[in-house]
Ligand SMILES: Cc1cc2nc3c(=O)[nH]c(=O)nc-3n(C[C@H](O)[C@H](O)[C@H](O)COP(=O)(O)OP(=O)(O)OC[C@H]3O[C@@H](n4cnc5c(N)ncnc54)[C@H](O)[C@@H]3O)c2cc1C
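A lone chain, given as structure tokens: the form predicted alone.
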């Protein structure tokens, strides 16, 4: 444990400052103020990790991160040992430390009657320091098994599985349909939340370890699933769950209404300096974001940086409470009102707002939304309240209502992988699909979820594949193949 009396001496939760809003809206850099980091403050915060007996932060983290151990090591300035303990359970703490919503913190025992330990911030400081000091080096396998594995998808699940399998001695090739590695980490998460240099650094390490990357290859089109399975001893499907949930209302076909992901994808391309034709941009427009989750928040920050005239977020439900209620007891992950860095930057948030119709002008472009107050019915359904309709000006509408599952075009026919009645990829507890030697991990198997779950499932699927190929495995398997999505 860290300082035995740390949580008594330092009762306040303190995080490094963010850059001023007026400054960070002028660029795409991460919002955290790197110059504002204070080693003394961070050590004090690590020292707040108490001798709680049963560290519930472990059950809050799908990876089973050894949080009290690396908190203690950070408090003692033993940073190299801290990164070793962190890497023992997490391949990519530079990702989770930045974009994970930190269910570990809502499970923190100190959070019962004090602000929780700043676990996420301590985690990212450990890995950032490790990269800066040159402690992140390739772990090259001492022997090669002669077995080959194809990983389809280069998001956090695919990358975690690929790194584990490469280190186990297998020859691993990662296939990505986009032009760069990273999946939604690359093109779904804006730079101001996750600078892409962090992906590049980790990919460089993986390449040095022997992992091979194939970009611009769409499996099912450029290479059939059958051909891929014939080339490799095992295949892992880690394509995510990118199918967006639509809002089929009158006027949906008007120009200026888009799903969130194509908009964010182009925003990341533009931030990377890629030339784009007919980019979806918010510059000078009244923007409506439908959906109040993380994807909607990313749309807000992107639109504000593009110079939107206004940004309004519409959420169909009630405004969440500011604190836990009796229905959300500790240590569950509560649904409370959150203010992201994008919300800090501007825009309005409108709750109990049910979209009724998209209205357009004579040229076929969206000009406004007809919205009504949400009515909660006795059967639990939600419908617009008659007589409460109003119009909200809109030049650009972004639908960020979550995701319904993976793209399975050609997968069932070519790979003979069984799908559920709802179009999900069916899998066993060991992540195996109905096709021999074909496995699935991450959002492609469990539905849209968190980055920490993707990494955990990638590690567990790697252990299952290693055992399939060699008859046994020494790779850790932190989770089983549960398919219930945590968050849409």
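Values in this document were obtained by computation on a predicted structure and should not be read as measured data. Residue numbers count along the first chain shown, from 1.
The form predicted in complex with this ligand is left out here; the points below concern that form.
Only one of 240, 267, 301, 291 comes within 4.5 Å of this ligand in the predicted bound form through a heavy atom, and that residue is 240. Note on the partner interface in the predicted bound form: the residue among 456, 49, 462, 441 having a heavy atom within 4.5 angstroms of this ligand is 441. For this ligand in the predicted bound form, the listed stretch (355 to 363, 138 to 146, 179 to 187, 308 to 316) containing residues with heavy atoms inside 4.5 Å is 179 to 187. Taken together, 154, 261 and 449 are fully in contact with this ligand in the predicted bound form: each brings a heavy atom within 4.5 Å. Using a 4.5 Å cutoff between non-hydrogen atoms, residue 331 does not count as a contact of this ligand in the predicted bound form. A residue is said to contact a partner when one of its heavy atoms sits within 4.5 Å of a partner heavy atom; residue 193 meets this definition for this ligand in the predicted bound form. Interface membership of residue 295, defined by any non-hydrogen atom within 4.5 Å of this ligand in the predicted bound form, is confirmed. This ligand in the predicted bound form is not approached by residue 388, whose heavy atoms all lie more than 4.5 angstroms from it.
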